[in-house]
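Next comes just one chain, in structure tokens: the form predicted alone.
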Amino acid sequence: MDKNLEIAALISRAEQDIKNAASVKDLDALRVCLLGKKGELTGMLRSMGSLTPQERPAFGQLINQARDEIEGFLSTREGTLKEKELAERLEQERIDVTLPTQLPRLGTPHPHTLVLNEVIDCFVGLGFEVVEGPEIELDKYNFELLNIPKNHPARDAQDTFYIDENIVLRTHTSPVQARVMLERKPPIRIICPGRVYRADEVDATHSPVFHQIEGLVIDKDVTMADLRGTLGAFARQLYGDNIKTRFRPSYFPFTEPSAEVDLTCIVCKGAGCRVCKDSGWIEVLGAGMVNPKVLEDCGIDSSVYSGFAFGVGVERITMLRYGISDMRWLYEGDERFLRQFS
């Protein structure tokens, strides 16, 4: 067969085969058969040795033109096939967002967090500033500046975790109050939320790790009436307008006078029940006027300034708020319990 006719036949057949290729993979196989090292067009190029020197240039030009045409067919078909395969893959991977599905279960705020945030919001609304401090504390701030010197009996009641003789895990957040009094001049109005530590056995009402919010107000002419009004506003916002407060004399080294503060029983509203032991009252927090010695030790003139302080256990008011009878439920992470607060 004439070489020219042979090349023309190859081009015609290659064009048809390329049009019939069903996939990019089939097209790549055709490319190798036609243009590869052992391909048909390459074989024709090697046959140039049988031609005369005069015939070779024209034949070589025909081979190059044929290669260009075949590569053009391949490129066009490849583009078409890739678009088709992309469309098919997109159709297969299409997600119908209207189909019903099971949404992932989301976490919920912990009851402790709910109450803590509510208490903070209450006192911030009364003009208090939130201040935090270290949980690993010096004995000086945890005890001495709060009128609890070494060998004071009150230290035994704290059940303290000692790291060494002068470093402790704080037993209350009062050290934050001492630090603020040393660093600032009155007026001072702060609350100090945080985690505290005491060597208690774990049971329904005790834990070696729990949370407190303590408050401090220092200014001129601060009285017990201011303390009672502040705690009354706090109790009413947290538990309702019918809640009343009752002060009973008590003793704390850093306040004088001191008081235990009771609230109207949240459960029976004062009528008497098992929770309040038929008294109609529930003990919630401790409070009092800041001891003048504490003011003086912190560099505040007790003849000019006075103040009050109070402290409340967050777990205690959380349990009262939601009727939780065992503190351990707050820490065990049982989803059946926690989902009730979603």
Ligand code: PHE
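In case it trips you up, residue 1 is the first one in the sequence shown, and so on. All figures in this text were calculated on a predicted structure; none of them were measured in a lab.
Beyond what is shown, the protein has a form predicted together with phenylalanine (PHE); the following relates to that form.
For the three marked residues, His172, Phe252 and Ala309, a heavy atom of each sits within 4.5 Å of phenylalanine (PHE) in the predicted bound form.
Of the candidate stretches 65 to 73, 25 to 33, 39 to 47, 280 to 288, only 280 to 288 has residues whose heavy atoms lie within 4.5 Å of phenylalanine (PHE) in the predicted bound form.
Comment: phenylalanine (PHE) is not present in this chain, but in the predicted bound form one of Arg246, His206, Arg184, Arg198 has a heavy atom within 4.5 Å of it, namely Arg198.
With a 4.5 Å cutoff on heavy atoms, Gln212 counts as touching phenylalanine (PHE) in the predicted bound form.
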